[in-house]
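Just the one chain here, laid out as structure tokens, in the form predicted alone.
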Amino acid sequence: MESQRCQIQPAGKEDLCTLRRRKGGGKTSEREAIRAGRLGGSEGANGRPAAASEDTNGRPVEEKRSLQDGHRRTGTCSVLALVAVLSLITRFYKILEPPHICWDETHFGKMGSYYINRTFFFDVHPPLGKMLIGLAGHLTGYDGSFPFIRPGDKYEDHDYWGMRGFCALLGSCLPPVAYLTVQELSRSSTAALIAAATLVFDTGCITISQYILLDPILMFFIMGSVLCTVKFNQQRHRPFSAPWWLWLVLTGVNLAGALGVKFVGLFVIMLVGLNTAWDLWRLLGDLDLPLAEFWKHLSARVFGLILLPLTLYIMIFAVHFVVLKKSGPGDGFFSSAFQSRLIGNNLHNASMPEYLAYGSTVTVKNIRIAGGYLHSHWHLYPEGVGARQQQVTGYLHKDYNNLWLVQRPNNSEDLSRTPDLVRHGDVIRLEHKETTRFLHSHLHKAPLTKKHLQVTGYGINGTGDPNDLWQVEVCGGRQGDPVKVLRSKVRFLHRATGCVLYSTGKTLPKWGWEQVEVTCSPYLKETPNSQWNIEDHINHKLPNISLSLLKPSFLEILVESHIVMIRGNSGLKPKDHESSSKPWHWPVNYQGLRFSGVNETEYRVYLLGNPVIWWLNLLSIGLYLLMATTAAVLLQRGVQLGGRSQERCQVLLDGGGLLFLGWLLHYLPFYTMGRILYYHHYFPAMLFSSMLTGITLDILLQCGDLLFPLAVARHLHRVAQGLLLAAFIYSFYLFHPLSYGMRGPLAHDPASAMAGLRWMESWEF
């Protein structure tokens, strides 16, 4: 209507209409035009605006632009191919060296073997990464027979190359994906090449990609998620088209993959979620878009970014449970009902007496996930830790020292043919079968939980005292109710002190063999920590029943698996002679991580980022904040900028903002974590900082045309780009032994190949 009114205005009113257009949409339309042009790919080389509709010879610009686009695509493909080749070479060079277990290969290689052998195990991470490692090993001839006992053990004739090669292949994809991502965000081949080069020539990324680890698999899915999200954003002007759906679905697939490898995948899910929320908010504010169309957009994103990843994630666990059907070392972390589904477990298709009776031999398992079996052994509590009596702990594995005899209070023997059942309210004694000492408590403080009382093993061969007496309480039961094996939740109340037997979930120090603390709690509220069930039950005087009807559903074992993983993750502690680190160490490259070898006679591999690249990344983060703040202020104040300058500002705020947010989300949460942290946890964040470096430095170099003539600025741009790449290559040449292995003197020795390169005292090579 406004345009119609302007068309019928008298000639003298023309300036008023022009002013109205400028006032109503001048600045916004100009910015949107630049965004639309950048997102739609209508720029010239290096993201500059396209030419006018005709050139000086009157030739249509479409023909000229088509030729330019063809040359640009050819150049981009050539550079991308070069990046891919260099990435493959740097990752696969000396892939079989050293021919022994390095660092966490002892864990993830072993878990790959478990999948090949279909043996159940426990790990704090979701299963996809280990499943893929096992599949890669199986397809390349590995039979799952290598034990993976400790770092340094030689592989000998076992085919380990397939598992290392698979991780190296996914690690090789990171630089090309970074190139494509930055190219889409900035429309600049220079920015894309700088970003890719930081990853190609980074010794840390090379090292972490060459071994049987989860990190290259995780980073592959994280980068895939970011690339697909960016590609999806570029299709915003073609909603519900085939490419639009393709990139939406691929984003969901990669999100499921990232979360299926490690819970760190939640960080990239947050990144994609925030990007999607902003996109939907923009659509909601578009008054030209009908609400029905908005709901279609919302529904599509719910399907592609929530329902699809969730379904795939659940399917990963379904495959995991189907494949791992044999009993293994992880059984004890899970409930008795969970264990009953594992072939070879003593509860699988087992039969045992249904009700607990006096004279029975039993194992007592805490209801709390990973609470452990009630356990004792010959070792005593050390001096200064309560009474110096026999230790009682919670143990997460099947063991003969988990067996207890159920005795009457007076220790009299039941000579009847049918023994009496243990019922709600009965007072019993529990005698440790191996050591013949009774479960005991007294007024000494517990080792770790000082408000609780100590639990020990006391007495021998039937001699003890009143502190050995425990009253049985069936949760939800009444006086006289029998104790059902596996199904009854039982509490043991100490008669002398009134406290209740309790598994705190805390890990004891070395003197307690890092087992779980068991105490007697004065707090009588019913919690899983104070509830136990009878798992194994042997009594030849009672008839047996089948346990096959007690197997849990898929949903129950899925939920239980996640509870066990989360609690296991939070309880991780450093091992002997294993260095941990703090989050502030990581961006400054303060300390690396030994993958193999310590002294000069051993083959040494040291995980440490290329210091030139890592310190440049850190500098670029500060530089980005300064440049982005300046750009935001200029745009907000409506400062008149040239076309190129305004487009650079938008690239900084849009593309750079997405990468900076990704870096923050993958780095800052580690400051809140109470678990043990390691240097390699920073590598997903490092991917984002490297891509941000590409955009930041490229725009900084492009701004040379503000100080110099255009021809001089372009020349300086090319020279600076060349110097950067040369610095990356030369620093890689200096530090490449960290990745590919070192022998001989250490760096402090002038005869060492790394002499003079130990730039920080905290580096241990």
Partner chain sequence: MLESIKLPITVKADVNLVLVALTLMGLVTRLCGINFPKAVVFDEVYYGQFVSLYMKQLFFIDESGPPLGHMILALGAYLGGFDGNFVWDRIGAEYTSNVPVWSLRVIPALAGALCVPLGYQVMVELRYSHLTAVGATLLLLLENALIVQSRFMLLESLLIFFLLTAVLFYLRFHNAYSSGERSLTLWVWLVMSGVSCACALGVKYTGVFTYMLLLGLAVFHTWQLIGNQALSNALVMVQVMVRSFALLILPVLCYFGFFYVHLSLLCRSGPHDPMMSSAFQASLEGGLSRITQWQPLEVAYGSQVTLRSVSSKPVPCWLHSHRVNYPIRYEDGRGSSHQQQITCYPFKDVNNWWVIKDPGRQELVVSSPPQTVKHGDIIQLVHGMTSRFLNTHDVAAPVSPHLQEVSGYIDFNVSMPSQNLWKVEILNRESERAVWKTIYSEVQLVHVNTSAVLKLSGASLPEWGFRQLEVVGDKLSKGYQQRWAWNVEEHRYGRSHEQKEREQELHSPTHIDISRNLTFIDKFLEVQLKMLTMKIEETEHKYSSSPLEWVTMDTNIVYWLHPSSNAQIHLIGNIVTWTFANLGLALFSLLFIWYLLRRRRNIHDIPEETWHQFVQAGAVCAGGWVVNYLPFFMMEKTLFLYHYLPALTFKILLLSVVIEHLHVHIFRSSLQRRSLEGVLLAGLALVYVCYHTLSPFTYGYPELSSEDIPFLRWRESWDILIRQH
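Positions refer to the first chain, counted from 1. Heads up, when I say rigid core I mean the largest set of C-alphas that superpose within 1.5 Å between the two forms. What you are looking at is a predicted structure, and each value in this text was computed from that prediction instead of being measured.
There is another form of the same protein, the form predicted together with the partner chain; it is not shown, and what comes next is about it.
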Residue-level question: is Val559 within 4.5 Å of the partner chain in the predicted bound form, judged on heavy atoms?
no
Residue contact check: Thr449 to the partner chain in the predicted bound form, 4.5 Å heavy atom
yes
So, Asn461 and the partner chain: in the predicted bound form, are they within 4.5 Å at any heavy atom pair?
no
My question is simply whether Ser145 lines the interface with the partner chain in the predicted bound form - judged by any non-hydrogen atom within 4.5 Å.
no
Per contact check vs the partner chain in the predicted bound form (non-hydrogen atom within 4.5 angstroms), the hit among 253-261, 211-219, 631-639, 195-203 is 631-639
Can you pick out, from Gly152, Pro239, Pro528, Pro290, the residue that has a heavy atom within 4.5 Å of the partner chain in the predicted bound form?
Pro290
Which residue among Thr672, Asn410, Gln479, Ser553 has a heavy atom within 4.5 angstroms of the partner chain in the predicted bound form?
Thr672
In the predicted bound form, residues of 272-291 near the partner chain [heavy atom within 4.5 Å]
Trp281, Arg282, Leu283, Leu284, Gly285, Asp286, Leu287, Leu289, Pro290, Leu291
Asp536 C-alpha shift between the shown form and the other one of 2 Å or more, rigid core reference:
no
Would you say whether Lys154 is displaced between the shown form and the other one, judging by a C-alpha shift of 2 Å or more on the superposed rigid core?
no
Asp286: Cα shift of 2 Å or greater between the shown form and the other one (core-aligned)
no
